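The chain below stands alone and is given as structure tokens, in the form predicted alone.
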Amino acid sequence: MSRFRKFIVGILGLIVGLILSILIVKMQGKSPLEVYKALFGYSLGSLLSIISTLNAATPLILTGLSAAMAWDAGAINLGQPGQFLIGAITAALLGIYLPFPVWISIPLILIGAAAAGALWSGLAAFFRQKYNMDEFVSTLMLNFIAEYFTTYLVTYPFLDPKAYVASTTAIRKAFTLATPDQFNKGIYLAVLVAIFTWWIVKRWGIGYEWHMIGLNQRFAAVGGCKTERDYSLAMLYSGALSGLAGGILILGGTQHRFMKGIGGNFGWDGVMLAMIANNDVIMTVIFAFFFGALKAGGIGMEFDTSVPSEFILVIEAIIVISVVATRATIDLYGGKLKALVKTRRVVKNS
């Protein structure tokens, strides 16, 4: 499927999803116009709103690419939430204890977060190659381990006694990536990583091998691809992206510390983004900004209309279902139409 076709399918799915969301709002006795006016007003209506949208989109770009790259290589990595948390706790602890200057420490923190995420996804790759364990199961289970492990760390050995909730102490102020108006400069890194990921997919041999393995592993093996090595590299790169997302959130967020529940839905939203974008790098980035707008506007929408901000999760779920259903419908009937046209041409020529 071409990128233009993916874009059209995505837009059609978004339109269907928004229409269904309007119906749900109407069923609740609310005005769809007021709800969506507040939603997009608080996400795009002012400079502060745009900053909030960009901040929300930053980790989504990376977790979305994490899922997309793994799935494109045929690896069912659903461990983005756990890899995100492991990267975040690593960044928080390094930000507290690293004694080096800023210009050394910030790169080390981000590299450490990415490495921690890669290590966590690497466990699933190891389990598959050593014990033939399905990564679908192992990555899901590792999410729970990551959640409970990080909760233990911020509840006992690294607890800030002055905090109202279980959390670490704040990282050194010099290590933060946020500007005075709370703009997360980590988005520049996220976009650069997205460009690098696109280059891997389109210009580097390993990206081509990942894609071929995802299409047909046996064909790729016969063609000379080192499938097991490539699978492991895809899993490691996927985990590194999610871990980096966690690190950027710690350095560029508002709290600058690891808090219980900090992961939110960034990991699972990344999974949904990959599904909507059909594993396309550019489309994943585009939809990440759209999801970022939904997240940024949700709280303001609740203030103005009394519609719970959790309604954003409903909208996201409806959009995913709509896009996937639209894609499947177009593939089904588009294939039948092509076959019918081809048959008529053969009959006509004969």
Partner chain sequence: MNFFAVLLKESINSATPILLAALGGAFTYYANVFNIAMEGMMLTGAYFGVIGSYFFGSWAIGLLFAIISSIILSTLFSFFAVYLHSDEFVTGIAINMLALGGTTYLLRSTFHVKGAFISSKIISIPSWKIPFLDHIPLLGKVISGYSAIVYIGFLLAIIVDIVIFHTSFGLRLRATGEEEVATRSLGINPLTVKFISAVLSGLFCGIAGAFLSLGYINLFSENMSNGRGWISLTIIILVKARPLGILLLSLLFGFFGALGVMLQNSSIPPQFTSMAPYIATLFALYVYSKQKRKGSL
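Please read these numbers as outputs of a predicted model, since none were measured by experiment. Numbering follows the first chain given and starts at 1.
FYI, the form predicted together with the partner chain isn't displayed, but the following is about it.
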item: One stretch from 94 to 102, 232 to 240, 142 to 150, 109 to 117 that, in the predicted bound form, holds residues within 4.5 Å of the partner chain by heavy atom; value: 142 to 150
item: Distance check, S31 to the partner chain in the predicted bound form, heavy atom within 4.5 Å; value: no
item: L332 within 4.5 Å of the partner chain in the predicted bound form, heavy atoms; value: yes
item: L159, heavy atom within 4.5 angstroms of the partner chain in the predicted bound form; value: no
item: V271, heavy atom within 4.5 angstroms of the partner chain in the predicted bound form; value: yes
item: Among the candidates L177, A277, A220, L78, the residue which, in the predicted bound form, approaches the partner chain to within 4.5 Å (heavy atoms); value: L78
item: Single option in A38, L54, V320, M283 placed near the partner chain in the predicted bound form, where near means a heavy atom within 4.5 Å; value: V320
item: Stretch 115 to 145 - residues with a heavy atom within 4.5 Å of the partner chain in the predicted bound form; value: F127, K130, Y131, N132, M133, D134, F136, V137, S138, L140, M141, L142, F144, I145
